[in-house]
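Presented as structure tokens, the chain that follows is alone, the form predicted alone.
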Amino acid sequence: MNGRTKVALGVAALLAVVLALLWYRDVSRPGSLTLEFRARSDGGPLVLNEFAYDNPGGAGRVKVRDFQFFVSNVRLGGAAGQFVEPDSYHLLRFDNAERAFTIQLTGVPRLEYDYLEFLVGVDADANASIRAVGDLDPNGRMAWNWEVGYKFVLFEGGLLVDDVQIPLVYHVGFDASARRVRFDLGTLFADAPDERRMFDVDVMRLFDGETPIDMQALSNVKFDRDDARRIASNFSRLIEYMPPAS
């Protein structure tokens, strides 16, 4: 082997080491995942303050004035490990022009995660606490008293039936109402350290389960546990994952 060949091999080996170090530095750098929730119904963005939607279980048209809910205990998981967001309590609101709310997970180890899961609602420990963590505010509008805890879902609006307007108020809480939901996100961080995933939120699905709810017959849900359970049974239908185009 002549000197020129030795030099070429040495340069190639050095280049391979440099490339490996650059690859390791990039892969080992934590990533971020943005979760965007878009409020939609009837194929378009959520319409507020108009009688825009049908009563799922009866007569009349529904107006949404206010709609917000808690998401907590956000977790990514897979065979390679898990990432649990700290102080993971988010109050999703859609009263902006975009009808959207984003959660950004930062410092995420770039492992092979198979799924995303979280609670619709608040876990029992936080629900019984007066600590202000994340978006939890013991003095805020979503707080009840400490025998009940937080309102997990708040929906307020009206129902128009035969020119008569009926107020609609649904404040759904209680520990038993929290529901864990899970979504298969596919491969994360394959091409870039920063990812974005989209979810559609359809408020009217709260009332359109196996047995659609007549909002005229059940126009107010607050402290009744059985009524809260009827609404909470549809939490798993509230959010739909929208995979990115392949």
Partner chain sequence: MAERRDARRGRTAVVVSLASAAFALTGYLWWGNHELPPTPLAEFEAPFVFGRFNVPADNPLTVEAVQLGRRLFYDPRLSGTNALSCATCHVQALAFTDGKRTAIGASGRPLDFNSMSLTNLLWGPQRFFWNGRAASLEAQALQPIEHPDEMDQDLDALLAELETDAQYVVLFERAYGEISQTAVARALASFERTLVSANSKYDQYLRGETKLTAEEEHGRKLFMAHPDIKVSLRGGNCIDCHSQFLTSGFSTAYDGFSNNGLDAEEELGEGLQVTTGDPAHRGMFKVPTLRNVELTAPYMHDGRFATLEEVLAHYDHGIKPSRTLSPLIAEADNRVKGVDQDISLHLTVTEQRDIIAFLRTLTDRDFVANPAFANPFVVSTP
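These figures come from a predicted structure and were not determined experimentally. Positions refer to the first chain, counted from 1.
The following text describes the form predicted in complex with its partner chain, which does not appear among the structures shown.
This chain is displayed alone, yet in the predicted complex one of A132, V84, A80, A124 has a heavy atom within 4.5 Å of its partner chain; that residue is A132. Contact with its partner chain in the predicted complex, defined as a heavy atom within 4.5 Å, holds for exactly one of N49, S32, T211, T187, namely N49. Contact annotation: R179 falls outside 4.5 Å of its partner chain in the predicted complex, judged by heavy atom distances.
Contact annotation for R75: none of its heavy atoms lies within 4.5 Å of its partner chain in the predicted complex.
Contact check for R110: every heavy atom lies farther than 4.5 Å from its partner chain in the predicted complex. A residue is said to contact a partner when one of its heavy atoms sits within 4.5 Å of a partner heavy atom; R65 meets this definition for its partner chain in the predicted complex. Contact with its partner chain in the predicted complex, judged as any non-hydrogen atom within 4.5 angstroms, is confined among 52-60, 34-42, 65-73, 193-201 to 65-73. The candidate site formed by R205, R229 and F235 is entirely out of contact with its partner chain in the predicted complex, as no residue has a non-hydrogen atom within 4.5 angstroms of it. Residues L218, N220, K222, F223, D224, D227 are the members of 216-238 with a non-hydrogen atom no more than 4.5 angstroms from its partner chain in the predicted complex.
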